[in-house]
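As structure tokens, one chain now follows by itself in the form predicted on its own.
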Amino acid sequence: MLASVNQLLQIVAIGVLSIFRPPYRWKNYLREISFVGSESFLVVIICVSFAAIVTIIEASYHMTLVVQSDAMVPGFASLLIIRELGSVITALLIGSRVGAGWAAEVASMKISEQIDALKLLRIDPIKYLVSPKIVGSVLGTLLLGLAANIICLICAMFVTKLKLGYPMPTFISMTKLFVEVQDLVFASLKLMTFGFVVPIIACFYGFRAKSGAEGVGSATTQAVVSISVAIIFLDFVLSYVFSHFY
């Protein structure tokens, strides 16, 4: 247990510090940003859009049932999308897709002795593999999450008009009433935190992979599960901390 914690902390420390130390392999950084952002764009947008639609419909039903009016649905839905829905769903999808890919990549390199070859060439495996993934994941998750929030709000606006009958200007005015600048700031901090966790956990299990195809599969599964749990836990912690500033 202590050895695992020490290895995890080593990955975090060296991975972060190596970002600011030459040589800078810009091609690796750009590749990872593209892998996280552009290649995950479609699946994230589709999922968060349908989540926004379900949120509007369910909120309208229950609010009408309880208070006999759904006039506050646009404001509440916008706030929920910005604070929780867009960030968490984006992070979970990235954690599943990107985290699995990175864990499998590092695990394959481990069992095929490519990591040992890097060491023989005096190339730090953590700097070479982890640092670009940290930068790519943090920036990619942030940009993708913000884009997902915008598209999510647009979908919610159209559903509010078609399903509830409220015009788009009403949705926009309610959003301005409920959502503040600090909500966007806190959502961005959440996205960057989630983005930082994904490559750390994925590479951690990749470096610990056992030999054989079964070892790669096991490392990938453990990485995805741990990333999902970590995102949910960090969302709770950050939401609790941010609640003191609302």
Partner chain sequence: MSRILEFQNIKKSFSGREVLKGISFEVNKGDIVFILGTSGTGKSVLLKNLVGLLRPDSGAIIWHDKDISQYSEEQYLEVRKNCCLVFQQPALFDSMTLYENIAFGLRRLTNLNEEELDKQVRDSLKAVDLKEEILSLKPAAISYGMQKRLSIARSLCLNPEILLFDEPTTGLDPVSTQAINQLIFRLSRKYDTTSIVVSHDMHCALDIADYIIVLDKGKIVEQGDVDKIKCSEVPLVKDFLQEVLDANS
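Numbering follows the first chain given and starts at 1. A quick note: this is a predicted structure, and the numbers were derived from the prediction, not measured.
What comes next is about the form predicted in complex with its partner chain, which is not displayed.
Heavy atoms of residue 128 reach within 4.5 Å of its partner chain in the predicted bound form, making it an interface residue. At the 4.5 Å threshold, heavy atoms of residue 119 reach its partner chain in the predicted bound form. Using a 4.5 angstroms limit between non-hydrogen atoms, residue 111 touches its partner chain in the predicted bound form. In the predicted bound form, its partner chain stays beyond 4.5 Å of every heavy atom belonging to residue 147. Exactly one of the stretches 164 to 172, 151 to 159, 73 to 81, 111 to 119 approaches its partner chain in the predicted bound form with heavy atoms within 4.5 Å, and it is 111 to 119.
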